[in-house]
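Just the one chain here, laid out as structure tokens, in the form predicted alone.
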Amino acid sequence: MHPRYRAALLAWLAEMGADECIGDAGVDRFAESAVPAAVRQPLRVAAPAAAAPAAAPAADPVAEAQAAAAAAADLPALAAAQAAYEHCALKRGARSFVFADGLAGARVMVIGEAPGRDEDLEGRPFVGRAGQLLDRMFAAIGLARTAAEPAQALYITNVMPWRPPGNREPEAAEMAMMLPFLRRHVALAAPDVVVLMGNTPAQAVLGQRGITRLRGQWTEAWGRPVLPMLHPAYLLRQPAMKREAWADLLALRARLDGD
């Protein structure tokens, strides 16, 4: 082979991507003897593999929550079912499962947003600064979570039983998973009045936000009278709004006295 031809061939091979020599001697790949016997065997086409069985449908977290909540015959069973629920990722980052506090069967049921740091540590709702203000607010109209009689007692829970990281607002998907448990919670506790503390419970129960607009306006949800109110944490940041909160408390007291 002429040297210039060899040089041109090498240049072409390099251009095609060949970058190393496999053997010391050249091989004529078109010669039958150069083709390994295994390669010269007739080509056999493998039979198509059997179709894999269809994957099981993904679990529906909301449907599972609905089934678990509906199966709970009383509040202890509901607490156990909700604590065992595995689809909410908040559970894996929280220290405590926070179900409720106060007297089950109280005339007034208060629903907040979610546990904060103090609630996560203690395992009870509304025990931090906002919870202490909540206790003082309701004490001013003769109600307390520690009362033994339903007429003077409070029953307190949250939309979410686990603390969101950094006390962020619960996401819509997280709330949707907990809504069946909350609805069943209200049905089993059977309060005369439900108080929604802040935007998150208003969104969960009423499907509405804008608590400064909603507060103080009686409505109905899940077959019970509902009163949206400003969250105590908001009142700690906006003390001037305590006058509106006091007006709402008086409206609640009047409703209870009138029933």
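Please read these numbers as outputs of a predicted model, since none were measured by experiment. Residue positions are given as counts along the sequence shown, with the first one as 1.
Beyond what is shown, the protein has a form predicted in complex with a small molecule; the following relates to that form.
- Checking Trp162, Tyr155, Phe181, Phe126 against the small molecule in the model of the complex, a heavy atom within 4.5 Å turns up for just one residue: Phe126.
- Under a 4.5 angstroms non-hydrogen atom cutoff, the small molecule in the model of the complex lacks Leu143 among its neighbouring residues.
- When the small molecule is considered in the model of the complex, Ala106 lies well away from it, no heavy atom lying within 4.5 Å.
- Shown alone here, Ala114 lies within 4.5 Å of the small molecule in the model of the complex, counting heavy atoms only.
- Only one segment in the set 169-177, 147-155, 75-83, 115-123 has residues whose heavy atoms sit within 4.5 Å of the small molecule in the model of the complex; it is 115-123.
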